[in-house]
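First, one chain by itself: the form predicted alone, in structure tokens.
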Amino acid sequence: MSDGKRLAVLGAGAVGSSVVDLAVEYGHSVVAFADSSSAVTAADGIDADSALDRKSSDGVVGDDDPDAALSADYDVLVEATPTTLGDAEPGFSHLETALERDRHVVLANKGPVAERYADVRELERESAGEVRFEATVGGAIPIISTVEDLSPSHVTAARGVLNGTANFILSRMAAEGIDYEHVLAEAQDLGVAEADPTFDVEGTDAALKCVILANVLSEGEREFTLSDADVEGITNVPGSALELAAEDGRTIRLVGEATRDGIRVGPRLVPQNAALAVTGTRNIVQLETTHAGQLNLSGRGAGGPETASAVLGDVGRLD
């Protein structure tokens, strides 16, 4: 484990807030914390409880302008603002600013490595800072680091169930014989699905994760973006399809696959007792390797503390 790092955390959603809450437990200090409209900075470490309480009660984390966090004296920038598509802004500019200052960057935001991977790697090459992004794929599950440990050249494919919301809906549809609309409403009531679930149920979120995996497997030889992915969501999966599948000992899961040749995401028939038939909000990734066979990595693919553990794991890997 590395020595304690000074963190600047951008984004005060579930992940960013959890990083701030847990950083000290992992031996680090948070010297800057920002949401979209405010920031709090302190050279010797902010009062995390105070900042989080203020966010909860007043909707802001502090009295400073958000830019103050980006210009603070930190070792690692934790980019946990919402994922945006296309130009991946403002996350990409935040990353660029940190690397130009020779600082490290740890991403929870998928945008930069899903939509501008080559640009990120070029900026990284010109910087003394390093970019890590375990938290962008599979929450707490150590997928990227496992691929790195095996060496991307020895991993031929990654496939799996990478969106908890879609998996919860399909699991409930199968278990209860309820149709999509009813289960979606239940998922929203439970907080498993967003008020606008489009990103999850149309397959975009899973596709972004597969794009990132394809970029890692390709090792810079080819750049993938969301536009390269063949994506179908679960909104048109009827309850009757799950019933028919069950009669044959199978079920339906939203499965994504990433290789050096491309990305596919869509509903797939899988045996009910297969590893890919995870239930509820669990995620699983299967890595096909040249020497180690098939490796299955499963666990919690989302959640504030879970994803923050991946962020802080990345911080610990930095020199």
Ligand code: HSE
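Note that residue numbering begins at 1 and tracks the sequence as displayed. Please read these numbers as outputs of a predicted model, since none were measured by experiment. Between two forms, the rigid core is the largest collection of C-alphas that superpose within 1.5 Å.
This next part talks about the form predicted together with L-homoserine (HSE), which is not shown.
- Just one of Gly203, Pro112, Gly160, Gly164 comes within 4.5 Å of L-homoserine (HSE) in the predicted bound form, counting any heavy atom, and that one is Gly164.
- For the options Asp230, Glu122, Glu194, Glu219, the residue carrying a heavy atom within 4.5 angstroms of L-homoserine (HSE) in the predicted bound form is Glu194.
- Under a 4.5 angstroms non-hydrogen atom cutoff, L-homoserine (HSE) in the predicted bound form has Lys209 among its neighbouring residues.
- Taking non-hydrogen atoms only, Gly301 approaches L-homoserine (HSE) to within 4.5 angstroms in the predicted bound form.
- Only one of 178-186, 124-132, 94-102, 164-172 lies within 4.5 Å of L-homoserine (HSE) in the predicted bound form by heavy atoms, and it is 164-172.
- Superposition of the core reveals a Cα shift of 2 Å or more for Pro197 between this form and the one not shown.
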